Every structure is written in C-alpha cells, then in structure tokens.
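Presented as structure tokens, the chain that follows is alone, the form predicted alone.
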Amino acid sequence: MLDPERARRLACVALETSRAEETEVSVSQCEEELNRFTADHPVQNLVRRLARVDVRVRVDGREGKASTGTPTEDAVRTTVARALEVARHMPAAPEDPIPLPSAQDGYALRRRDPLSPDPEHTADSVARLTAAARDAGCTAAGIAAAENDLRLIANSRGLEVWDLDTRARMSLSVFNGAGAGWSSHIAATREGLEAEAVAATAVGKALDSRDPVAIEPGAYTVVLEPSAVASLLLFASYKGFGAQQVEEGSSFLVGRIGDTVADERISIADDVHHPMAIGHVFDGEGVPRTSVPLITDGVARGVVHDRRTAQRMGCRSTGHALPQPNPIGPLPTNLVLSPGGAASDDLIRDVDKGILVTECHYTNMVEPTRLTLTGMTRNGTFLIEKGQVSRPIKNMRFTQSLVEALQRVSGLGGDTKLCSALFGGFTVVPSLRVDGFHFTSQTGF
C-alpha cells in the first residue's frame, strides 16, 4: 500500500494488456486509521486499507469501463478484458469522443509524507478530549482519524501523474442534559490538530446550551459559524458553480456571468493550492486543477470546466472533472470564501436581535436555480440580544435561498476554518453574518 512504484506497475500492466485505441488507468490506494470513542472508553479502533484500479477503454467509438479492488497484475489484466467486453456491447457514441489528454508540463504536485500509525499521539488526543467532557460533568462521543490517499492516473497518450494527500481530523459532540455542543478540526497532519481548542469549544457550547427556550420562527439576522457556512456553501458547489449546470439551465449563474450576484464582501474561488486546502491537485482526467475565481467582490466571474464542457464552450479545462464517464459534469471541490476582518464578537456586537448558529443539520435543496435550502440548526443555537449572546434556544428549521442570503451578507469574520463537505471535498470559510435569514418552524429540542 501507498507505493507509487506499485501503482505505476499496475497501470503499466493495464496499458500493455489493452488492445483498445485509447486506454486510461486510475489507481488509488488509501489507508485510514479510525478511532471512535465516548467519554468513558473506546468504541472502535480500526485501520483500513483499500485499493482500486479503474480501466476505461475506447474501441471503434464505443467506451467501456471496469474496476477491481484487488491490486494484482492478474486482476488488472482481467479488468482490462472486462472493460473491452463492456465496450463491445455499448452503443457507439453519438459524437466523436474527446481524445484523452496527453502528457502535460507544469504540474505542482502535492506529495506529502504519509502519516504513519501513531497510537500514542491518538491516545493522548482522545484523552484530552474526553477528560475535558468528564471534568465538566458531561457525556461525550467523538472521532479521531487519519488518512493517506495516493492517486495515479496514466493513459495510452503518455500521461502519467500521481500525488499523495494526507489529512487528519477530530470531532467531539458533548451533551449536558438538554444542552449539546460540537466542534471539529481538520488538518494535513496529526500535529496540526488542536485537541484543546476542540474540547473547549464543544464543552463550552454544551454548558451554555442548557435549558433552551423556544422562539417564534421568522426572519432574523444570523451569525453562521464556519461549519454552518460550509454546509450551505457546498450546495453552490454541487448545483451552481459547474459549467454543465449552466448549460442545462439549473444554475443560478445562467446568463449572469459578469453580473453582481452577491454582496460586494463576497469573493469565492475554487483553489486546491490554498495553504489550508486538502485534496488532489489533478482531476479525474489527470488534468491539473487551476485556481478559478467564481465570485469576486460580489460579481460572478466564471465556472469550473472539465474537458468536455470546455470543448463545447470554446475554452480550456480548469481541471475539475470527476472520474469519467460521469453525468454530473465538473464540480469544484475546494471552495474558498475569502475572510473579512471582523472578529466573531464583532459580528455579534452589531446585532440587535438575531441567532448564532453553530452547525446545520439535514440540509437539503428545495430548488436549484435560487439554491433554496432547508435544514435545521443543531449543537449550539443561541439568541443574540443587544449585541450579546443572551440565552440558548431550541433548534429551528430554516428555508432560505442561498443566493438571497449571499446578497444580504452584512459581515465576514476573520476566523477562517477548513471544513469537510457532505458530498466530498473541502471548503475554507469564515463566519458569516446574514440579515433576514428565514426560519420557518420550531423544533422540540
């Protein structure tokens, strides 16, 4: 596992075996260490190693794909044969396929040192998390994990790229009667994780959330902490910033490139090269990922492309293809929302009456062209009165257009944080203050 030479050898076996006009091979190797725990004892401790080889072939205008989870040369040869057989039974493409990309220069590859198992470091981190909860008289549960992810793409036109990405993460949920708190942290290394800060935040929110009261639904000024911002912004990634969504007419950017679509404070890019970013620096076709301005100072600047949408629109791929073939089209997976200069307390200080939201839960899309979303708050929802957090409130359901919310931004925090995204990928976001955010109903908890 995690051996680029072994991955290269498997790719070479596939390319040497294939009789297709064009062949693409993707080899991925992943090692994951996962620890689940409560405040009293470990619940699960595992190390999982996964490998996958995908082979895509083109023969006489037909395309076939096959995969294997057995990383041996014999299994790869069998997978090539299956891909060729699939292609033989597929209908011919209605248009000439785009040739596979050839070898390219200028890659800024990310080859981090792999994270070795470190049970002492993990045990120490878990001990600090659980001790903080016990000392506060709370119950808790959490996760500590680390992952190495090696990916190689090669094809019959001479392209061969690989990189190794690493990530470590921890999260802690803390409960104190009816109060609940949560916090998490993601970094490229275990040493980059801040267990004390995670514990202090989660425990503090749980203690502050005791005895919540219900308030009437309606439009409120909200201060969304970074995790809440990330859970909303990911829908713009999935259904807004991709070229195919614009082509299909389902994106809020249809006919609006060059127009003001958000408050002038808002600048969003997709940038895997950001210092806080995590992810592979080439896409599912082996094309380098480039930094793409999506919204700059509130003005829509562009969308991300794969090679297919780029050909149709007369431009170059930005390196945002998913593994092909794929009906979804290109997607940004490393959104970066530029921070403002305000401290979190400053965002709250200017609010006469509003709501502080720690996290959003069960968020789903209602309507894509306005990015109308619905979901609930959780793990720390508080009333803001006269510039101060006054008391905990029961969770609320919201139904809100993200497009309208971005137009009503009244403050950006400077507390940039790396957050994971539900559909894959990561976002780098600060806290956000939005006026007129619509809460449609109460919950019972």
Partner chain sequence: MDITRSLGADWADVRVGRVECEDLAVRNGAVARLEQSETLGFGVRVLVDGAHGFASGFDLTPEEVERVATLAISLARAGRRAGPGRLRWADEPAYKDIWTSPYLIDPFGVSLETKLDVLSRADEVLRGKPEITATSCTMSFRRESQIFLSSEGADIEQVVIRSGAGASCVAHRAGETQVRSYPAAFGGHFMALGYELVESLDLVGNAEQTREEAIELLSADPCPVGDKDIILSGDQLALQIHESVGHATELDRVQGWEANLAGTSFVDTGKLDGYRYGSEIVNLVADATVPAGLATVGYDDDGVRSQRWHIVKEGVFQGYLTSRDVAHFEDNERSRGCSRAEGPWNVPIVRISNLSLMPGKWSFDDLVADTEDGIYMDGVKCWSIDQQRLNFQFTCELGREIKNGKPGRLLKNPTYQGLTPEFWASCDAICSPTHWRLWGVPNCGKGQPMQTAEMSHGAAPARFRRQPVGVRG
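Positions refer to the first chain, counted from 1. Every value quoted in this text rests on a predicted model; they were computed, and no experiment measured them.
Absent from the display: the form predicted in complex with its partner chain. The rest refers to it.
J.: Would residue 130 sit within 4.5 Å of its partner chain in the predicted bound form, counting heavy atoms only?
T.: Looking in the predicted bound form, residue contacts with its partner chain include residue 130, since a heavy atom lies within 4.5 Å.
J.: Taking the shortest heavy atom distance, is residue 66 within 4.5 Å of its partner chain in the predicted bound form?
T.: So residue 66 counts as contacting its partner chain.
J.: Closest heavy atom of residue 158 to its partner chain in the predicted bound form, within 4.5 Å or not?
T.: No, residue 158 is distant from the partner.
J.: Test of understanding: in the predicted bound form, would residue 44 fall inside 4.5 Å of its partner chain by heavy atoms?
T.: Contact with its partner chain, yes.
J.: Looking at its partner chain in the predicted bound form, do all three of 8, 208 and 296 come within 4.5 Å of it through at least one heavy atom?
T.: Per the other structure, none of 8, 208 and 296 touch its partner chain.
J.: Given that the partner is absent here, state which listed stretch (187 to 195, 334 to 342, 82 to 90, 271 to 279) has heavy atoms within 4.5 Å of its partner chain in the predicted bound form.
T.: Result for this chain: 82 to 90.
J.: Identify, from the list 99, 249, 137, 255, the residue with a heavy atom within 4.5 Å of its partner chain in the predicted bound form.
T.: Spelling it out, the residue with a heavy atom inside the cut-off is 249.
J.: Counting non-hydrogen atoms within 4.5 angstroms of its partner chain in the predicted bound form, say which of 349, 361, 301, 110 makes the cut.
T.: Partner contact (heavy atom, 4.5 Å) among the options: 361.
J.: What residues, if any, in 316 to 346 have a non-hydrogen atom within 4.5 angstroms of its partner chain in the predicted bound form?
T.: The stretch 316 to 346, when checked against its partner chain in the predicted bound form, contributes 325, 326, 327 at the 4.5 Å heavy-atom cut-off.
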